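What follows are structure tokens for two forms of the same protein chain, given separately as structure 1 and structure 2.
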Structure 1
């Protein structure tokens, strides 16, 4: 496997084990040169902390891209996470067109909603712009709530396989190529991920942990990208990422002082073994 240079674009919470503070170490552990473009800098993440600082870097992003182009810098993959505005989505689309090597994957985690609701700062204007980014991506990684907003399909907490098939078909209809749909649960004790590409869908069920942890979506997406860029199929990458994320949650449960994220660092060796790097 050749040494790859990947760019990940998302915010950075200085404390809180999410976004870039998750993506950078996980992708680096997966044996890739990991370059970053922070969309914002926060003192902590926003879930449970109060009085956090926030610095919007939207206006810096185009100049950073222009400098890369001047230096002849390009990337073997681009992976996007949380983007804070419509303007940032437009900038990312320009980055896809400018510094992503031809034929290399653009991977989008449309991080904007959960539990049937959009995050508080977003509206349907943002959703509609995110649709256009997903249409340009080679792989998207939405949860069910995000998939529903992207497609207009009614959100349901209880559903069957026919509902998920309808949802995935609607995602392909907006232009999504490979769909990795997370949080798909057909029973109380299991959840899983469904991967749909080239007219074929595969489902992987794994252990369901009742108590969620902040940042696990970023852990999952980063591990998926790390496996995929090491030559695994989308489905096998989805399985590796799911098992790794569960392991991270299990390592964290029981530590009441560590409520703000998962101890993903303690499991990096396991991820590297799953990928075959050690």
Structure 2
């Protein structure tokens, strides 16, 4: 496998184990050059902390891209997560068009919602703009809440396979090519991921750990991207990322002080083994 150069665009939450502080170490462990474009700098993430600072970096992004273009810098993949503003979504589309190598994947995690609700800084204008970014992506990784916001399908806590089929069809209808839908659970003790591409859907179920954890969406997406760029299929990458995320939750579960993220660093060796890097 050749040495790849990936760009990931998401915020820096200085404390909280999410977004870039998760993506950068995980992708580096997956043996690729990881370049970053921070969308915003926050003192902490926004889920559970109050009074966080927020420095929007939207206005810096076009000049950063222009400089890369002047230097002839381009990427083998671009992976986006939490973005700081509606305007940034347009800038990201321009970045896809100008510095992503031809035929290389644009991977979008529409990180904006969970548990039936949008994260605190987002509104429907942001959702509608995110829909247009997902339409340009090769792979999207929404959870069920995000999928419902993107498609207008009603959010449900309990559902059957027909509901998930309808949700996935609606995601493809907005233009998404490969859909990796996370948090799909048909029973009390299991959850899983559904991968739909080329008219075929495959489901992988794994253990559900009762307590919900922050930051697991970013751990999951980063591990998925790491495996995918190492040559695994979307479905095998989804399985590797799921098993790794479960291990991270298990390492964290039970530590009441550590409510804001998962101890993903303690399992990086295991992820590297699953990918065949060690």
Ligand code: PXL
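Positions refer to the first chain, counted from 1. We call the rigid core the largest set of C-alpha positions that still match within 1.5 Å between the two forms. Not measured: the values here are computed from a predicted model.
*Asks:* Of structures 1 and 2, which is the form predicted alone?
*Replies:* That would be structure 1, which is the form predicted alone.
*Asks:* With both forms fit on the core, is the shift of the CA atom of residue 232 between the two structures 2 Å or larger?
*Replies:* No, its C-alpha moves less than 2 Å.
*Asks:* Would the C-alpha of residue 47 be classed as shifted by 2 Å or more between the two structures after rigid-core alignment?
*Replies:* Yes, because once the rigid core is superposed, the C-alpha of residue 47 moves 2 Å or more between the two structures.
*Asks:* Could you tell me how many Å the Cα atom of residue 259 shifts between the two structures when the rigid core is held superposed?
*Replies:* The shift comes out to 2.5 Å.
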